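Shown next are two forms of a single protein chain, provided one at a time as structure tokens under the names structure 1 and structure 2.
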Structure 1
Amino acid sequence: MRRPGRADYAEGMTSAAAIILAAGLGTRMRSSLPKVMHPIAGRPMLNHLLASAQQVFDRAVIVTGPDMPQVEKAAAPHPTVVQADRLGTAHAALQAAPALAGFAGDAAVLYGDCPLITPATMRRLREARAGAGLVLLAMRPADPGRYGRLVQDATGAVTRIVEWADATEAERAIGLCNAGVLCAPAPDLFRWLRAVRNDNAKGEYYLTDIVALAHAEGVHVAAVEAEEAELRGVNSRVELAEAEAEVQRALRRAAMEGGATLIQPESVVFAWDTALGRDVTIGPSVVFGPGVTVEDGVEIRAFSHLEGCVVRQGAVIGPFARLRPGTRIGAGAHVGNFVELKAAVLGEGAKANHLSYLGDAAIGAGANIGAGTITCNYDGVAKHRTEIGAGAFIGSDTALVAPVRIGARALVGAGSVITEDVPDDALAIARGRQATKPGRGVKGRKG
């Protein structure tokens, strides 16, 4: 988390804390996973939000529910406080009060299920505090649905927020919606939160009720508007898919702007951290899991699936290749169709072009792995390693029973089951000898 720097004070900004609400059960998700742990582009919603918040706020407190160890782990090293009873968003925010005791700076409340807010918008929220005692983020979604609505007076000042469940038809017709993010001096915020009551449709303590409380004290409440794309809330699987689509659009655009060619962009799925070099070409329906780095000039052909791997300059992957975590593909190497690598290092210029499984293996530069080669890395109890030297040639349909080592430049005959090490430069053949019987092919067969 960024510490307050001199520059903040020079600009007149006080220190600010973020309170992130993540205790909700996410009933509408119908899931045993806490809502904020559902991933978008391979990263939990909570971590998307934290990554942005820590660029803008000096500290963060995460409000979790009881029995949510995953949330606590994902939030680390930021402190968490537990909301034992889920009595509503105001009650949740209030749980952060002891953790922020004596803190006189600004406090912003953010919802863990509203994960796509950009740091730039968070900064606008903070800056708007110069002109208002309470600032909130608002949007005008294409479909306002069940969002809370902002009620304004004739001057445009926000007087209250009405929740969808409590709103009249006229209020539901209001297009300006509450994104759920607000910012105020911490002592004011906690004073208002303590005054919130639960006499509403849901019997919950609504965070949104602090707007009317602040207004009644004569405090100016201002709304900062931003795009729905970054303020959307995720309450259901349908909304999760919409948020995913939004993020994927942004990631594809960034990939292309960074110098990658996407032949059919809408079919490519990225992870939040996919790193692409320049002049990378990505074919249709390629999927990236987290932790992938692709260097310059690489071609990834259609229907390949990559996660937790590095692909060095000029390598060619796929079509239909699968690179699993711990895999390193050397410069100019080739991985062809129906080839799976797991924790395997493929040396520079090496080739595994057809129908192979290479797991827990190190393959030297320029080696050629024939079609159908399999490393038998698992004996039912433990995993074992296979090493293949530089320039080795493994014939088709070879089973390499690990642990085993094939020397540099060695040649293994097709169809071998290799159980013993093969020295450098040697030829190894391990298969039944062919028997050919003249005439026997037709004898006894009816004509």
Structure 2
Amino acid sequence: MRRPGRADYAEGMTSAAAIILAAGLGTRMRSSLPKVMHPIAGRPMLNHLLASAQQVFDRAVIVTGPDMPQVEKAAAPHPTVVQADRLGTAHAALQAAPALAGFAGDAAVLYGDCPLITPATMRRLREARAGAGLVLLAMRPADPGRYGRLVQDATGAVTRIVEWADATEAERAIGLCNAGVLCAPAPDLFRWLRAVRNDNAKGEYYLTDIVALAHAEGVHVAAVEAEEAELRGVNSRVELAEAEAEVQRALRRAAMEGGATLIQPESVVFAWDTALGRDVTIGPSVVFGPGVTVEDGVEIRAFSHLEGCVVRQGAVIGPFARLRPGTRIGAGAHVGNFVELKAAVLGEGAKANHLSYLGDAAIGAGANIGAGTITCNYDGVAKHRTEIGAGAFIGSDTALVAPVRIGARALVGAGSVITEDVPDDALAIARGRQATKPGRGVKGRKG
């Protein structure tokens, strides 16, 4: 049985492999992090591209540079090959040949720093192979700048790619520009790659040179046009920010089309995997990190930050709340302003409305956590758990020194420091006795 969304989505479609070039150092990023590992919406660029490619191609090979363990880890379980010497894009693509030895299907060359290409565009690239021996992705950017231009004959077939530096004025006036991505039968692709020469100013082997080689053999070379926004490369921090903005626009639109209300959409930041139910309301300046699931009817108020958490139906979060990884908020629960939870479960209908830190804690249904309450979960060596039973009431400014358990329906007096377990239905008070000295408050202040 075919798996939906896989490369064999059409009857008779040959198998295909994606060769993803990811060896770039990202010099213009001015970073020690490999270029393709810079995140967009909380996920490395490489993984954005891989997620799309996996919907269209049967397999993928990632070409990395030497000493790039982060890229190898991000690419797993796909195989990686190393371009030991960075001698150009054709040389990089050729490094995938051993990993695809004997493979007779199509092979597409993609770039790890072009993460926004959609599965739909990749499918069009593959489908165009039915009428051409080599297919390129092309675009018509608003500012063609220094992009390579596609030179076509009267039939629309591509005859060559001319780089801006080598182009005539007439060629520079061509609006159709090369996006770098291409697809061809793997045996032909690797044969052309081996024939590419490096007799140019940089002494590099350019992938674009295979177009002229294919044309010289009488192979029909076709171009598939796509939007500039999805074909953009990310080579600098400025371009990274532009790509982030493009992805955020798409995520916001998807959230609203899915039934969420965004009070001030342009201020909300989503992660690539944020999952929202229907009738969710999100206030201004809310930030979602990776791994957040929000169920139906939840309200997330302004300036809250959520990461690695689940918020069940009808809960209210914020404003100015922080939900850290491992947090689970029960249905109808309330998390108020300046409340932080980490690896904590807040039970159904429970409330923590003001100025609290609840870490490594399990809080039962209907419990009330008073303002200023903290769980003292770290003793300098290890983390410890706090358990608060259903219906318990924790008075304001309480410190719960873990490991400790507060029983169901127990009451803890305000200002307490609790170091021992409190049984169900008990009252616990742990604070110094108040001493009041009449008249002493003004002594020493009289002139």
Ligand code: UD1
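Please note that residue numbering is based on structure 1, beginning with 1 at the start of its sequence. Whichever C-alpha set is largest while still superposing within 1.5 Å between the two forms counts as the rigid core. Since the model is a prediction, treat every value here as computed from it, not as a measurement.
Participant: With each form of the chain shown alone, which structure should be assigned as the form predicted on its own?
Facilitator: Only structure 2 matches the form predicted on its own.
Participant: Would you say residue 305 moves between structures 1 and 2, meaning its CA shifts by 2 Å or more once the core is fitted?
Facilitator: Shift at residue 305: below 2 Å after core fit.
Participant: Superpose the two forms on their rigid core, then report whether the C-alpha of residue 148 is displaced by 2 angstroms or more between structures 1 and 2.
Facilitator: After core superposition, the displacement of the residue 148 C-alpha between structures 1 and 2 reaches the 2 Å mark, so yes.
Participant: Align on the rigid core first; then say whether the Cα of residue 174 has moved by at least 2 Å between structures 1 and 2.
Facilitator: Residue 174 C-alpha, core-superposed: shift of 2 Å or more.
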